[in-house]
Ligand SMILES: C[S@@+](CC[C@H](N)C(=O)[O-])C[C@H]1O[C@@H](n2cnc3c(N)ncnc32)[C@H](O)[C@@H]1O
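The chain below stands alone, shown as structure tokens; this is the form predicted alone.
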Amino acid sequence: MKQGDAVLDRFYSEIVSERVDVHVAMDELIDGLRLLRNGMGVEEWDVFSRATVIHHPCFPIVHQDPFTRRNFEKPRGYDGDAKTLDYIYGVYPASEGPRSKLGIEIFNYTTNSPASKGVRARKRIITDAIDAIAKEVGEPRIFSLACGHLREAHDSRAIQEGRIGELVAMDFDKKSLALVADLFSGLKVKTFHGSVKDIIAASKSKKLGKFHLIYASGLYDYLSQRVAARLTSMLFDMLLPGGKIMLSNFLPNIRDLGYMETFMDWRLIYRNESQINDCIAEIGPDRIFARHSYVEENNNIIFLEVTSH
């Protein structure tokens, strides 16, 4: 635990004395926390990340960053809510932005960290997939599970130009769905309230129909392997012939890992290539026409695309 205190003390000293640039101090903090997490036992890290850090004087300094603070406070009761991700996308009212000079500098750092860049790349990749399916298929049906604020729809030319048949945006957060309904009214976007349990139990999936493209951008970061495999199988059943599902997951040992778990209390389930491919374990191989896994350019998020016959 002394090593952990040393990392926090050094950061605090550098910030208070202003002897180093804030971005340099944040680099040292993030790298130090990742090393600590990798070097500590599970129980020791749990105590340090949950109990020690919040009592250190550097904690309120870092929480001048509204992005970090919001996920720690979890006003909607869960990690990575749509408004938290909107900070990464640069979509937020000025009244909810950073207010102090130091807060601005930390905010600029965290929203441009490797993980944040990965989230923006994920949105772009999904946008490209939507536009691609609209070129391949006339007026495709698309399903976004755990849609959040559906920010990719702003960037999709196919959606904005009305070249899709329908995009069904499903989430368990009614506030997110209300905003989606308001933002994309008239653009062939339909909201649907529901959860992973509803899809697995098939209580609502039959009402949704079949799709050319199904994607879940950040959902799998919170699913156990058992639930992920069951859900993937159920989603695959919702594809039209030749349809595709797109899954994504943060990779293990990303650079932001220790910072996210301490100052943001943001704890994900990470998957490597083998583990994300295991998500299709319940789908018969004869039903799969093609599958493809790849990592976005920031090396933080892995994707899996699976196409049906």
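What you see is a predicted model; the values in this text were computed from it and never measured. So that there is no doubt, residue numbering starts at 1 and follows the sequence shown.
Heads up, the form predicted in complex with the ligand isn't pictured, but that's what we're talking about next.
> Pick from 228, 147, 106, 235: which residue has any heavy atom within 4.5 angstroms of the ligand in the predicted complex?
It is 147 that has a heavy atom within 4.5 Å of the partner.
> Taking the ligand in the predicted complex as the reference, which of 239, 129, 158, 85 has a non-hydrogen atom within 4.5 Å?
Of the listed residues, the single hit is 85.
> Whether 80, 89 and 194 jointly form a contact site for the ligand in the predicted complex is the question; each needs a heavy atom within 4.5 Å.
Yes: each residue has a heavy atom within 4.5 Å of the partner.
> Closest heavy atom of residue 218 to the ligand in the predicted complex, within 4.5 Å or not?
Flag for residue 218 set to yes.
> Is it the case that residue 141, even though its partner is missing from this view, gets within 4.5 Å of the ligand in the predicted complex, heavy atoms only?
The answer is no: residue 141 has no heavy atom within 4.5 Å of the ligand.
> Using the partner position in the predicted complex, report whether residue 122 sits within 4.5 Å of the ligand, counting heavy atoms only.
Yes, residue 122 sits close enough to the ligand in the predicted complex that at least one of its heavy atoms falls within 4.5 Å.
> In the predicted complex, which of the stretches 106 to 114, 195 to 203, 179 to 187, 129 to 137 has residues with heavy atoms within 4.5 Å of the ligand?
Careful reading of the contacts points to 195 to 203.
> Need the contact residues for 169 to 194: heavy atom within 4.5 Å of the ligand in the predicted complex, sequence order, or none if there are none.
Residues within 4.5 Å: 171, 172, 173, 194.
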